[in-house]
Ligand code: ADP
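Coming up is one lone chain in structure tokens, specifically the form predicted on its own.
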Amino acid sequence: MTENLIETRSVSFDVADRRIIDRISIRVKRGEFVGLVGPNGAGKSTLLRLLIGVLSPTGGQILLENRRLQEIRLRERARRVSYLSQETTTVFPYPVLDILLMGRYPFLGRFRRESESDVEKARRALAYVGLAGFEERWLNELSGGERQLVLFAKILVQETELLLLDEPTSNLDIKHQDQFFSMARELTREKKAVIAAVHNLNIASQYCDRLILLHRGRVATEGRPEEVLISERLDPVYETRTVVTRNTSTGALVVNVAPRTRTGRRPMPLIHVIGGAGSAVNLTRELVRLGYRISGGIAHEYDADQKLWQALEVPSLTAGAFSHIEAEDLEKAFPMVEAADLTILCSFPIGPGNEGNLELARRARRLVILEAGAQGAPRVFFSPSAEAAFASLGAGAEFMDYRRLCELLEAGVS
């Protein structure tokens, strides 16, 4: 037997023109419990599907004990590698015992039925996961957590040396999460290898021997939990601020998202948002989520921005539907802009009716102009004066796309 049970060498996987897995090279030995961690879309599930052979790499090699995975016959592969998907739905209803006996299929010859030994293995596995007596229950009538335990029992019945688990405890409570991962960990003592995609970093820290942190289809870092679960490594990948401590009872690392609100007596900065045509809806919600103080510009009645600001009780002014923003409206709005630490001008059509909002932007102490994109309406001009007024703002403003602005807000506006 070779030391490495499974290995990938510069494996890539493309869908159309998009690269999902990008030149990943990993090695997993017998007796290891390896956790694949990373944000949604990092490539964890895709990598597991490549390791089971459901997907074929568009580049590189996957070796199962030094043999190319794609060259191993399906029946032999099923005797050596099992896979538990995070999806527990089933189209057709089956009795639980029948589901478990499917795990014995790779070991049966053509037209051969399961033996009493196979049935005993199925019953034993079901009892092991805490579901003794469920043999005649229908899978589609069980809870999501019970279905997941049944499917885990099925791969136990399959008796493979490599187990691939994709978010295996997403439907389980904390008691059954602990039970599940404890059972998976016990299998490594039998020199089996377990590779699990895990969202919960605290669970991964407690049970995994080694972690592989994926980011945009690549390996960002790998190593023991204490080598991977470091804020300096997690923050760029998860695009948030984390606090890593140690559980005084278990000794395992605990990862939490850092509080978004600031401590101390200094209040959060005041952000003034100038919108229109619904261009400020997402930004307003993001600012509220981050805990900023907000004021709004002059929005027309029935505009989506105006409705949201009223619902959230954001200080703002409302102009009549289809009316022009008048000088008296601007006089009332100027103090809100001048008091703000930052003013953000969203992307929206500008014409005679709302051109006054550009006068508000001119009063800003610090002005960020959002570039036109998915978060706002197209910035088009319906009068030469509107286009000229917008152009005059450019010299003293910062232009940002929505993502860059969110990064600024996450970091904290001073």
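When you see a residue number, it is the position in the sequence shown, counting from 1. All values reported here derive from a predicted model rather than from experimental measurement.
Beyond the structure shown, there is the form predicted together with the named molecule, which is absent from this document and is the topic of what follows.
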Listed range touching the named molecule, judged in the predicted complex by heavy atoms within 4.5 Å, from 60-68, 362-370, 41-49, 27-35: 41-49
Answer option from 20, 406, 397, 400, heavy atom within 4.5 Å of the named molecule in the predicted complex: 20
Contact flag, residue 15 vs the named molecule in the predicted complex, heavy atom cut 4.5 Å: yes
